[in-house]
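What follows is one chain in structure tokens, specifically the form predicted on its own.
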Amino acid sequence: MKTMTYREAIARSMRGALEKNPRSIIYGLGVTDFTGIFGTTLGLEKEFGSGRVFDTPLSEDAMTGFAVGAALNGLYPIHIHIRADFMLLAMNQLVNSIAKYKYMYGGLFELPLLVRAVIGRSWGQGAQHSQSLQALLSHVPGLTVVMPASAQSVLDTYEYAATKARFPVISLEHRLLYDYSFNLDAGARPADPFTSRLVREGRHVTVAATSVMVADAVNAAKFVSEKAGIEAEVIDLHCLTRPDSKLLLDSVRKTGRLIVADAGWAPFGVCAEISRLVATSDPGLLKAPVQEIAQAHSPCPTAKTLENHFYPDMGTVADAICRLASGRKDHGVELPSADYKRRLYKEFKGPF
């Protein structure tokens, strides 16, 4: 089975977008830097020219407005933010223009474009450079928000976005995923990549996860299966604005237990939304209250030792699975040690 890193999948997708759609352009702070947005845009300026791949001034609002004009005039802009936090400077364009343009003009205009932004833990960058804003963006009608959790989901989603999608897509990529290797699926591609997908089958507990928490959930599921015989089903929510409610409800109907693991904060977020979906559809499916796993509800600390406590990991998920499956807080299952987890994780060391 062929494998590919998350970084390689994005780099291939960016090159493919430029090759398959001659009207596509890629731009953003650091796009032509020697690091090339963690290696995902390296060499593209030289290969396709500075008219299609270029760096920008420090003006996110203006550069996002540029994307609006470019899309309206037939180009396909791919705007990249090396930190999702910088998107806050472009919220007027994203929320008041991009999300509403087609609606306000009665469908006469479309804004096909892709905004890529990086989220997640790193090496102590603090409260203003570590935010995961998926819930904030998903709340706005008109924006399609994805969080690719594997190389295959990157390949499928970005190709579809660049060649077929006629709507604005915001993709949040987790720093830790770039160096992860994934098996590629040789089967038929999904007709619509903007949906949830079943990653692992199980019968005791359903774990609905986003971004890097999907990898954590899979690792946790394997661990508790070996240690305690508990089989957790893992669903990658992937597209937060188009979750596959049938897939989710069918899984909860089978297991009766649900954990939502998100790479952001829990209040008013993805955990709350998935719980709402189940509660308003068929709350009788649940044999126990929904459990949520998310980062601590506070700004991210800068100190690495504190940052390690701020973010959940596969040990957090394994503990939640065991507690929910057994119905006891003191479930008695030995949790993964620090050494065990260290062998699974690739520490992010910068520079950005």
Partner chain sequence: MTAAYEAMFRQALRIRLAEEKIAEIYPSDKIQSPVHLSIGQEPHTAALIASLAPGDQLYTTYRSHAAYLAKGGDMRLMFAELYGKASGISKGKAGSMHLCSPEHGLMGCSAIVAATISHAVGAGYAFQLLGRKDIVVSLTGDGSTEEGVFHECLNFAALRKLPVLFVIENNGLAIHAHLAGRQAFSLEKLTAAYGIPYFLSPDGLDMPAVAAQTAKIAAAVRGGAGPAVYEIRACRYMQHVGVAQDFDKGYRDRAEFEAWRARDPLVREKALIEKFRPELDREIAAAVDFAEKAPFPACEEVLKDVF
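Numbering follows the first chain given and starts at 1. It should be emphasised that the depicted structure is a prediction, and the values quoted were computed from it without experimental measurement.
Beyond the structure shown, there is the form predicted together with its partner chain, which is absent from this document and is the topic of what follows.
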* Asked: Where does its partner chain sit in the predicted complex: which of 323-331, 308-316, 56-64, 295-303, heavy atoms within 4.5 Å?
  -> 56-64
* Would you check whether its partner chain, in the predicted complex, lies within 4.5 angstroms of a non-hydrogen atom from each of 195, 269 and 274? => no
* Can you pick the one in 184, 72, 88, 279 that has a heavy atom within 4.5 Å of its partner chain in the predicted complex? -> 72
* Asked: Which residue, 265, 180, 101, 160, has a heavy atom that falls within 4.5 Å of its partner chain in the predicted complex?
  -> 101
* Asked: Is there a non-hydrogen atom of residue 107 within 4.5 angstroms of a non-hydrogen atom of its partner chain in the predicted complex?
  -> yes
* Asked: residue 25 near its partner chain in the predicted complex, any heavy atom under 4.5 Å?
  -> yes
* Asked: According to a 4.5 angstroms non-hydrogen atom cut-off, is residue 131 in contact with its partner chain in the predicted complex?
  -> no
* Looking in the predicted complex, any heavy atom of residue 225 within 4.5 Å of its partner chain? -> no
* Asked: Which residues from 140-159 come close to its partner chain in the predicted complex, meaning a heavy atom within 4.5 Å?
  -> 141, 142, 143, 144
